[in-house]
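A single chain comes next, written as structure tokens; it is the form predicted on its own.
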């Protein structure tokens, strides 16, 4: 199949999933075309079978804001026609599903039908789409898509309830490449950990885009409680609006030498295996991709019991779940595990087993391929073009 993928190419879960999906599809022999305003950050440009098409946006004095959604629709139309794509797969309802719908309508005028598939990731539904000014067009984008998936059962139910859509939604969870995200050998791990901690010291990690919903400052507060009881270090991977608050808290608690701000990292798979625990104190997560990536590396997560996280983490088995904002409970859960090597080892083993048995790429990618085939089979594709 020839598949066009549109996503936000920036540092965030939806962009990561969309990019990794494209990489896995190309590795399976499909042809993938990314259509967006910049190259997705996890693409190297050397992947065979993957092509990138930039969306140029003109700035005219007439426009207060560049009309990206219209430029995207035009680029989707041209790419789908020229490369004879079989399907457009957009990640995020707003504005991508609307742009894909416009592209689809333009192509129909050329005698070409391209099915549109939309994957809902969370923020497009819980924040953007829930805004009353966007609700009607978000609902329209979902209903006009030829196929819709969500990354968790939680997100599916919330979409059906709040948007009252009649469109059937298929749950296809996020995934991780278990061959890339995997634990290091004992000697290699010990050697790499020396970059951040001395022998016998614990390492905790937080990975996010530092938006308020991720509650990155809570990760620093949790770590401050842990650091009072034992020698430990915190790795903060990512960047965003709450980074300055997190830095201020680290300084306030005199933890500058123990809290390491690593910024945005392309190869997080090389950093996550160094940690003992992942901290994910989010206000809301529709799935929790960062935790899954850590789990695949044998790093259990201390997370919040919200959204789709319970579909990934079984409290007490492969991680711990606490209430949002309960820094004391999360710190206590972390200390309980760090002070009991046997418990931590058992939970780390369960975390890796969960990733391998349920969420590895080789289990999830075929679900997407089957869904693509079903959508194309129901609606036709560019192969049915008049020319």
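Note that this is a predicted model, so its numbers are computed, not measured. Residue numbers count along the first chain shown, from 1.
Quick note: we don't show the form predicted in complex with a small molecule, though the next part is all about it.
Only one of 284-292, 224-232, 135-143, 162-170 lies within 4.5 Å of the small molecule in the predicted bound form by heavy atoms, and it is 284-292. Across the proposed site, 183, 275 and 300 without exception lack any heavy atom within 4.5 Å of the small molecule in the predicted bound form. Checking 85, 112, 207, 151 against the small molecule in the predicted bound form, a heavy atom within 4.5 Å turns up for just one residue: 151. Among 304, 174, 202, 104, the residue placing a heavy atom within 4.5 Å of the small molecule in the predicted bound form is 174. Although the partner is absent from this view, residue 238 stays clear of the small molecule in the predicted bound form, with no non-hydrogen atom inside 4.5 angstroms. A residue is said to contact a partner when one of its heavy atoms sits within 4.5 Å of a partner heavy atom; residue 17 meets this definition for the small molecule in the predicted bound form. Among residues of the shown chain, residue 71 is not one whose heavy atoms approach the small molecule to within 4.5 Å in the predicted bound form. Although the partner is absent from this view, residue 269 stays clear of the small molecule in the predicted bound form, with no non-hydrogen atom inside 4.5 angstroms.
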